[in-house]
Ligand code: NAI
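Shown next as structure tokens: one chain only, the form predicted on its own.
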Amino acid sequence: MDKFDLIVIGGGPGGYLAAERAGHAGKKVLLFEKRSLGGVCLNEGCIPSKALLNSAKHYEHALHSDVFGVSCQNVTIDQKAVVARKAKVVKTLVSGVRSKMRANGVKVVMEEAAIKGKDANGFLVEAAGVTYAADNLIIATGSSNVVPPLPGLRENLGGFVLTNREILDLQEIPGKLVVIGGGVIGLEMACYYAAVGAKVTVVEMLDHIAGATDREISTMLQKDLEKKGITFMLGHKVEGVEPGKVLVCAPDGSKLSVEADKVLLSIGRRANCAGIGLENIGVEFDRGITTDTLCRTNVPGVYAIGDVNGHHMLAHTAYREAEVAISNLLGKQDMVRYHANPSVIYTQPELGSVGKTEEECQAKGIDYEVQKLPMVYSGRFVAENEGADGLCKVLVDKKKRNILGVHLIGSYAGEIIWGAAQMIEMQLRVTDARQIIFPHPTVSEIIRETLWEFPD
């Protein structure tokens, strides 16, 4: 039986980074992945969706280039070429992950693995009839799409009804696309397909889009996307699908049908806890595997990172959790500070958020103060955007004066928000953050300008 210092189950962002870090530290590491290295993020999520969205951005720029003094004629978009480029990007990055594994001495087994128990050899993991053992175990099995038991949904899955996997490979732009769910995935794909010519309708059960995003910011995003032709049916509940249409119940109880050539199902994801043998070693789990801020489970030597622990289903959270798990495995003190975890929605315009929202502060009784400035206070934003709006919103603890939350809508929001996360991570007060020198001209200066709106 092959014995390892560490076995990692799942080769997504958290899993492959954990394997890389442990291998780099000299540990003997085995990584299992049942589909493709890089997991959902690299193959069916974060990266391929950004490739598509970038193509749409170039297309929109070309269509409206005259406002910048550039003349473009006969502008078209080739969906097959867009998808082919997306595939090339994914292939390049997956190859990069493989190279990282080889460079750090990680053994990779492309098979589905399950935990069988523990004995004197350590934790036992079986794949394709072979059993392996390790002193430590990291579970990084990710998450899967939630598919509710609605009439016609499962029967049409992969054809008329698409998930994030199939929507990224469509060779033709659908005339009418109905998106079920107004969260991150739904909004990003709605944004892409609306930009390239589809008539898009988003059906959302809640009375707002973008989940827990600051409500003022998400409302601004909705208005911007409506200007781009996207229709939102908020407070509407999907009751099923039939060929060519989605059956919907309106807030007043009336029944509606929405015509569709394709349907994207994006109502959320569920941690992959079943079928991996957690019960064989007594790992506690509910909606996700229970972990602390050191990414430890209730079983010593077993860690859980990424979507499977249910804390934040974001690739960059998984990266950080991987680093924390390996640090603690190596005897180094480290922890995840989830309160400073940024999130981004890569629509056009982008959203970037970190920390508490106004709604969260109000619900928790936190005494806060808020200041906000339009993005037009940034010189670079004005220079690069014609007729666009945007906002920077900063929340501060009224007594302690430390920064509680920063919320952005506008260009480069996703590239800027990490700086705000650092301010929250380091518990900077307004007076501390004002002393940071921001490069000029950058859109990031909007944060500094907003900080100066607070009284001393």
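Start at 1 with the first residue shown and count on from there. Since this is a predicted model, take the numbers as computed values, not measurements.
What comes next is about the form predicted together with this ligand, which does not appear here.
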My question is simply whether Tyr346 lines the interface with this ligand in the predicted bound form - judged by any non-hydrogen atom within 4.5 Å.
yes
Quick one: does Leu124 come within 4.5 Å of this ligand in the predicted bound form, counting heavy atoms only?
no
Verify the contact flag for Met220: yes if a non-hydrogen atom of it lies within 4.5 Å of a non-hydrogen atom of this ligand in the predicted bound form, no if not.
no
Is Pro374 close to this ligand in the predicted bound form, meaning a heavy atom pair under 4.5 Å apart or at it?
no
Where does this ligand sit in the predicted bound form: which of 235 to 243, 80 to 88, 126 to 134, 289 to 297, heavy atoms within 4.5 Å?
235 to 243
4.5 Å heavy atom contact with this ligand in the predicted bound form for all of Gly186, Ser266 and Met313
yes
Candidate from Gly352, Gly182, Gly355, Gly142 lying within 4.5 Å of this ligand in the predicted bound form - any heavy atom
Gly182
Assert contact residue (this ligand, in the predicted bound form, non-hydrogen atom within 4.5 Å, options Leu256, Leu93, Leu157, Leu206) equals Leu206
